[in-house]
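What follows is one chain in structure tokens, specifically the form predicted on its own.
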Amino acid sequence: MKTRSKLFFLCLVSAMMFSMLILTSGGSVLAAETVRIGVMTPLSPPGATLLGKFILQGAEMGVEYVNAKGGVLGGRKIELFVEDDSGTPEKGIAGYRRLVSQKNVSAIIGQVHSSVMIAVGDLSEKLGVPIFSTQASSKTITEKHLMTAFRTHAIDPDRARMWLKFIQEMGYKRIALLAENTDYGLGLVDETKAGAKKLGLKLELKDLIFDKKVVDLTPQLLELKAWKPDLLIDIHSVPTTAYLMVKQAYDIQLFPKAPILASFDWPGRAEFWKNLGDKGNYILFISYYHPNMKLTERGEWFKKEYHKKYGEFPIYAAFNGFGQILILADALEMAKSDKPADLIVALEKGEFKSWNGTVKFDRGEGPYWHQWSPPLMVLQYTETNQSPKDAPILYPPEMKTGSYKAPN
């Protein structure tokens, strides 16, 4: 009997300690368990697989950084769960459901394609788990004012406004828009047209829309060559198609006589010169990061450690994946909870130190809801095999480090 009484007493004490652990951890999970974060990003075609790879690498190093400093919520480690959305809305919706219902994640980062982020947005609002756009730029994403949608990336109206001001400064008049038939491509065509009208610019605009899976752009490029544009704006979301476009534009002698402006920073990647060689010289491209930019202490750590690990310096997508993990870690600490609803409250209230400055998620008007934007620049390669750190910044004026160089 004494043995049974002692055993009962020990069980009772264990149960009480178990209950106390639950209470002190906000009633959700034991303090010893990990905090689960999802990364849903394109890791297979037809999605932008390299962007997905860089985002995932950045997120993994973000987890490494946070866990090495003691984790979150009293010593709990962050654990990543990865889903490949392949850049398609159907796979995005299925991946989000798995991360939420099977993996019990507190938040999800990694979105690249606007069509996927838009499709998942309504589902996230129903299920209540916040999702971050890491490089999806459609204004619709944040314009719907969803409580669960957050973004740390430039939006299409700002991007179009910036390149229209650059066009104005350069004196270009005939602008060709070569765009894929996605939310990203069609959205930027519309924003460029609307922005030109709003700014009172007297431009001739010609847009050609192509299927995202196209394997030959020669017919469209020949049509544009005959039209004789002052500038061709390339609006692709998948760099492999963009490489094809530049090669074919060069081969028919459209580029570099007519400058090409890439709508995002894919020319800044290590494989750019391997894929294009001399054909890539003189290209203009939008960027959100320049290697000579001043970074936060966290950003400098990441830049150094990423280079040590991968043998190359990180690009913006990797920085942004890293930064979003740090933002979430700080928000978890602020919320004192890993519950998605508590995390959303903290994200709205807090100010978070990321890789390149302080991030806030205000309830702004229109697309500026839960939106934080990086700087926007126009860069140009002026020599074959040039490093991004040596590429001059042509715009905006306050960041300018060089002038446009025409081909010889």
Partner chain sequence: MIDSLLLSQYLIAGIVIGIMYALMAIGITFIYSIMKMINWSMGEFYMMGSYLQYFLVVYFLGANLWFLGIPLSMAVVFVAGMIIQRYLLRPMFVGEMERKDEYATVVTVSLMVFFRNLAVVLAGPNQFAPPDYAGPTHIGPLPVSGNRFVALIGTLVILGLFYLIVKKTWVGKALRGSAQNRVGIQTAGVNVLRVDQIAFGIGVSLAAAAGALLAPIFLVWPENGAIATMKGFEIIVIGGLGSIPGSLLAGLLLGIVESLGSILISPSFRDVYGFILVLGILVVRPTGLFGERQRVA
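Because the structure is a prediction, the values reported are computed rather than measured. Residue numbers count along the first chain shown, from 1.
There is another form of the same protein, the form predicted together with the partner chain; it is not shown, and what comes next is about it.
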Exercise. Which one, 149-157, 117-125, 133-141, 212-220, holds residues whose non-hydrogen atoms are within 4.5 Å of the partner chain in the predicted bound form?
Worked result: 212-220
Problem set entry | in the predicted bound form, the one of K274, K257, K173, K294 near the partner chain [non-hydrogen atom within 4.5 angstroms] | K274
Exercise. Between the options D251, E90, E300, E204, which residue brings a heavy atom to within 4.5 Å of the partner chain in the predicted bound form?
Worked result: D251
Exercise. Heavy atom to heavy atom, is T49 within 4.5 Å of the partner chain in the predicted bound form?
Worked result: yes
Exercise. Does R36 reach the partner chain in the predicted bound form, with heavy atoms at most 4.5 Å apart?
Worked result: no
For this session: Give a yes or no for Y306: in the predicted bound form, does one of its heavy atoms lie within 4.5 Å of a heavy atom belonging to the partner chain?
Result: no
Exercise. Using 4.5 Å between non-hydrogen atoms, is Y243 touching the partner chain in the predicted bound form?
Worked result: yes
For this session: Given the partner chain in the predicted bound form, answer whether the residues R161, K389 and G402 all have a heavy atom inside 4.5 Å of it.
Result: no
Problem set entry | Members of 170-208 lying within 4.5 angstroms of the partner chain, judged by heavy atom, in the predicted bound form | N181, L208
